[in-house]
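Have a look below at one chain only, the form predicted on its own, in structure tokens format.
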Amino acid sequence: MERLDAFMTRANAAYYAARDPFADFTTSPEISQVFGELLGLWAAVMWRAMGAPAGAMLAEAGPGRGTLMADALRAIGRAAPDFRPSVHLVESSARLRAVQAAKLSAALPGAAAGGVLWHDSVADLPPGPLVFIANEFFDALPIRQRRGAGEAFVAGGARVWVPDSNELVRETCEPALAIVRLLAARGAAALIVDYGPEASAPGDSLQAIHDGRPADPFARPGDADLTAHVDFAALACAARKAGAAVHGPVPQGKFLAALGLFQRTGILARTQAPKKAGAMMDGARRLAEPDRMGRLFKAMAICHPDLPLPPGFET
């Protein structure tokens, strides 16, 4: 028998080490190149707000195939060429590191790809000015579940409560809280985009995806992607207690629209054949419309309290 967070850590490590997660789900950077472009320009604006420090780092946690970072760096190179950060990727999977290296080398030959550094954890990022992006990273961090005095364990392919209780399930994600405290303490400008409610609420949000369909989270550890809703309210509270200013969370659709999602997509679509142009606009709507990804997914910024309001969080 093992505690739920230990089980989730072990299962997801095995899953990302051996399987292609994009066979089971599609993330925003894979839906539209504009997503990564906008986040790259967001990073450049925040770097300038920090005083354009030399030696700044641009880090992404959970970089997937490297698509978001490739799109971000391409946009930065065109629109903000004075922002030349060192690139850091927080990725523990050797298989995914190889995919990311190939993606960045192909997208940016002879440029930033040669300077990419990989780290096993956010805590391993070196000191210095930091702009940090995490898209669909926090949802995969291991959670603990409690019901009253009881806690969730896993044994024999099933969840077991020790001791048992009929109270409502409450979830905590200690690694996520530790990360935001770390980012706040070092004065990083951080953007978190993930899914979950704006306010903390009781309930079991643990879910699994296998072959693109919902699955039993406990039946086949390592064969399914395990995630849980991000508790944005808890993250915001932890960041503020560590001295940071917190902006949001706001719905992803509102955030991306404020950054120019539809204007940029429209510009790109004008040069494409009608079928491709239609697909590009549909991708933008998928990211932003409330009944698709626009409401469930949220964006939240954590930064030094002396910095101005980050783009996308205007009321």
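Each residue number is its position in the shown sequence, starting from 1. Note that the structure is a prediction, hence the values are computed from the model and not measured.
Keep in mind the form predicted in complex with ligand SAH is missing from the figure; the text below concerns it.
Using a 4.5 angstroms limit between non-hydrogen atoms, Pro251 is distant from ligand SAH in the model of the complex. With a 4.5 Å cutoff on heavy atoms, Glu60 counts as touching ligand SAH in the model of the complex.
Taking non-hydrogen atoms only, Cys173 never approaches ligand SAH to within 4.5 angstroms in the model of the complex. Ligand SAH is not shown here, and in the model of the complex it never comes within 4.5 Å of any heavy atom of Gly283. With the partner left out here, ligand SAH still marks one of 145-153, 93-101, 72-80, 241-249 in the model of the complex; by a 4.5 Å heavy atom cut-off that stretch is 93-101. Ala140 is the sole member of Ala140, Leu130, Val87, Leu125 with a non-hydrogen atom lying within 4.5 angstroms of ligand SAH in the model of the complex. Interface residues of 277-304, taken as those with a heavy atom within 4.5 Å of ligand SAH in the model of the complex (partner not displayed), are absent.
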